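Given as structure tokens, the chain that follows is alone and in the form predicted alone.
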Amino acid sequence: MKTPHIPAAADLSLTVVCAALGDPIRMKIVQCLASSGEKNCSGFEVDHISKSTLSHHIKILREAGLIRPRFQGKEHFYSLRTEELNLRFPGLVDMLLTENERAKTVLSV
């Protein structure tokens, strides 16, 4: 298996990170990881998208430097690069969690 490219924390670009977060599905994936930790592909709470579409979104998030893969046999697990993101962009992860909670509150009202 080819090792996927993951940019170093110092190489993360705010423009690329924001572009990756600009899609609602990718934002939901990141918020899910931020609030609950590592997940495999079947653990993401995204509505009715194909496996190939989910893989595409994960690839964009990985190449932007937002998530890190871990391979265990045939399983792929993903986690948010919280420490690296907080060092490079202080407050970003907190903002994502706050936005996630705000969205839940708006939807439940």
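What you see is a predicted model; the values in this text were computed from it and never measured. The numbering used is simple: start at 1 and walk along the sequence shown.
Below, we turn to the form predicted together with the DNA, even though it does not appear here.
**Q** Just to be sure I understand the contacts: of Met27, Ala64, Ile58, Ala34, which is the one whose heavy atoms reach within 4.5 angstroms of the DNA in the predicted complex?
**A** Result of the distance check: Ile58.
**Q** Does the DNA get within 4.5 angstroms of any non-hydrogen atom of Val46 in the predicted complex?
**A** Taking the distances in the predicted complex, the answer for Val46 is no, it never comes within 4.5 Å of the DNA.
**Q** Determine whether any heavy atom of Asp94 comes within 4.5 Å of a heavy atom of the DNA in the predicted complex, and answer yes or no.
**A** No, Asp94 is distant from the partner.
**Q** Taking 4.5 angstroms as the cut-off for heavy atoms, does Asn40 touch the DNA in the predicted complex?
**A** It does: once the DNA is placed as it appears in the predicted complex, Asn40 has a heavy atom within 4.5 Å of it.
**Q** Quick check on Glu99: any heavy atom within 4.5 Å of the DNA in the predicted complex?
**A** Although the DNA is absent here, Glu99 would stay clear of it in the predicted complex, with no heavy atoms inside 4.5 Å.
**Q** Are there residues in 61-78 with a heavy atom within 4.5 Å of the DNA in the predicted complex, and which are they, in order?
**A** If the 4.5 Å heavy-atom criterion is applied to the DNA in the predicted complex, 61-78 yields Gly73, Lys74, Glu75, His76, Tyr78.
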